[in-house]
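Below you'll find only one chain, the form predicted on its own, shown as structure tokens.
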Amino acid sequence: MRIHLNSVFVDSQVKALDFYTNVLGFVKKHDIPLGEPVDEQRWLTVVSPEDPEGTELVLEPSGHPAVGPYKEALVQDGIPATAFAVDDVRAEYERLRKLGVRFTQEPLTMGPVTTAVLDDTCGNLIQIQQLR
């Protein structure tokens, strides 16, 4: 058994696709219209360009009534919706800051892991982490 899909609920699939591809550097894998409006009702996934056949991240619409309170509670408590591995947290932090990304936690080393937390502009906090 292995992880094939992971989802993150986003306020706008259009905005999320732009952020996750043009800022974070993922690539679009699937973009299948599922309803109206077409721009916001899609099966939309992104993958790492380093592993295009690997785990897909679903940019899931936030339309279900439970999603809003769930996302708000996570953000209010500073809890990331998911985490991405990077080779160098400090370098990625600097690269993303130069692109205007807002961080809620600067790089922090805790034992064998260094983390930072960013705002994905779509209602989520995302952790980047580096294991040593």
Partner chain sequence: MADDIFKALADPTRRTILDELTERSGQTLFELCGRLTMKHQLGMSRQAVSQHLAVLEGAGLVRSRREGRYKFHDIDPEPLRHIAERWIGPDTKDGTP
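Numbering follows the first chain given and starts at 1. If you're wondering where the values come from, they're calculated on a predicted model, not measured in any experiment.
Another form exists, predicted together with the partner chain; not displayed. Remarks below refer to it.
The closest heavy atom approach of residue 100 to the partner chain in the predicted bound form falls outside 4.5 Å. Looking at residue 48, you'd find every heavy atom of it more than 4.5 angstroms from the partner chain in the predicted bound form.
Mapping the unseen interface onto this chain, residue 23 falls outside it, with no heavy atom inside 4.5 Å of the partner chain in the predicted bound form. Mapping the unseen interface onto this chain, residue 34 falls outside it, with no heavy atom inside 4.5 Å of the partner chain in the predicted bound form. Heavy atoms within 4.5 Å of the partner chain in the predicted bound form map, among the stretches 24-32, 54-62, 38-46, 79-87, onto 79-87 alone. In the predicted bound form, no residue of 1-21 lies within 4.5 Å of the partner chain by any heavy atom.
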